[in-house]
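A single chain comes next, written as structure tokens; it is the form predicted alone.
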């Protein structure tokens, strides 16, 4: 999965529209701006696309997008590209006081930048018409596309009621033992599912504790800041060397407080957020697993229905019924649908096998970077704090000895 830094490094040396340049598509999500008031308020972003791909309108395009546009793109890709792990989006904060904080906005911007660049760097997804609409359409066209009814929401109320009744009937059959859910029995696939569910648990646990680390740094920083102010006031009441030593102790405490707050922010953006992002990525994989299960069940249901149709057709032929022609036509139609369902399922399996290899490789890279940033930041902070306290020791020792 492509990080913002890697994307910038890989795209900076390209010359747009140069015949000798390698094909590239680089996207930046920048300049978040709050628009509107109250519950209608939202953040807009400038999305800057640089490319030399001929299917795009030019070497650079700038559009304005909001969070719901990114959701539209994710949903469209999920609907069309079954078997591919669609990159996850950051969550939408429901807490009003956090929605428009500078830190939350920057975290959201960074996550959206990574989201769209993962799509742009994916050999299949980058060819999507929906991606081109997202990156190039004006705001009015984008809004029309976003509100265009698709999928289940395009159906009439009567169709929706029938869907609900069918689902209700299937659930009842399973509960009453009339029908057992059909599941794929493949040892490798079972192993993959077990790994994904286990990975989600471990990533979520690591992310939870990284959040506590960030919180601890902030709390310690705030405590040192408060302590520094108090000790400086204490130093002002004292005279001679002790007063000066206390003032310097307070100043050092405040300086270390700033370092702790800075490191807390660095930890949040470069360690906790990547872990949280991979929790979301695993949830995206689970959604693809669910799609695979649905495709397998559909394939099996059609196979069973074909068997029943064959039996019925044989009976009609034995009694030389005048319904033989109609039954043969239904059988052929069902056979074609079954073959298409099998191809669809096999495509999902093939794509998932490719995707899991790609996911593992990118996870190794991204987690390596995240843990390296964590260790480097902690070492830098520890050395800085040790140097600051060490510089005070001679003066404090002089005071204590006198």
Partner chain sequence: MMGYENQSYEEAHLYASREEMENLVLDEPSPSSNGHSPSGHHPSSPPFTSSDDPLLPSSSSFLHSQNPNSSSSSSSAFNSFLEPPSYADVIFTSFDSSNGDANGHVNANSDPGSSASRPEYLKISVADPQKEMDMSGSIVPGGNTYYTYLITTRTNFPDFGGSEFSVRRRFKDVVTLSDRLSEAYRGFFIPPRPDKSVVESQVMQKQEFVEQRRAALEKYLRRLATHPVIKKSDELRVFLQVQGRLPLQRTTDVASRMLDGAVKLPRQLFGESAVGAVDISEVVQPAKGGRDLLRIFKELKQSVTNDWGGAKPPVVEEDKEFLEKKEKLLDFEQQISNVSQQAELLVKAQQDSGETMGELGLAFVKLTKFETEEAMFESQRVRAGDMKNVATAAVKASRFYRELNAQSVKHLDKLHEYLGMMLAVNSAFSDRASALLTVQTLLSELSSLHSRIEKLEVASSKIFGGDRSRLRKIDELKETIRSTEDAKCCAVREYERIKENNRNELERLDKEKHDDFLNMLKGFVVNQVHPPFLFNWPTFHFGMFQNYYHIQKVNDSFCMIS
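Heads up, when I say rigid core I mean the largest set of C-alphas that superpose within 1.5 Å between the two forms. Everything numeric here is computed off the predicted structure, so don't read it as measured data. Numbering follows the first chain given and starts at 1.
Same protein, other form: the form predicted in complex with the partner chain, not shown, and the subject of what follows.
By the 4.5 Å heavy atom rule, the three marked residues 289, 324 and 347 all fail to count as contacting the partner chain in the model of the complex.
Among the residues 296, 72, 115, 246, the one placing a heavy atom within 4.5 Å of the partner chain in the model of the complex is 246. Of the residues 46, 363, 61, 335, just one reaches the partner chain in the model of the complex with a heavy atom at 4.5 Å or closer; this is 363. Taking the partner from the other structure, the partner chain in the model of the complex has a heavy atom within 4.5 Å of a heavy atom of residue 238. The closest non-hydrogen atom of residue 146 lies beyond 4.5 Å of the partner chain in the model of the complex. Looking at residue 133, you'd find every heavy atom of it more than 4.5 angstroms from the partner chain in the model of the complex. The closest non-hydrogen atom of residue 128 lies beyond 4.5 Å of the partner chain in the model of the complex. Contact with the partner chain in the model of the complex, judged as any non-hydrogen atom within 4.5 angstroms, is confined among 324 to 332, 229 to 237, 106 to 114, 78 to 86 to 229 to 237. Residues are counted as partner-facing when one of their heavy atoms sits within 4.5 Å of the partner chain in the model of the complex; in 362 to 376 these are 362, 363, 364, 365, 367, 368, 369, 371, 372, 373, 374, 375, 376, in sequence order.
Here residue 393 counts as shifted, since its C-alpha moves by at least 2 Å between this form and the one not shown after the core is aligned.
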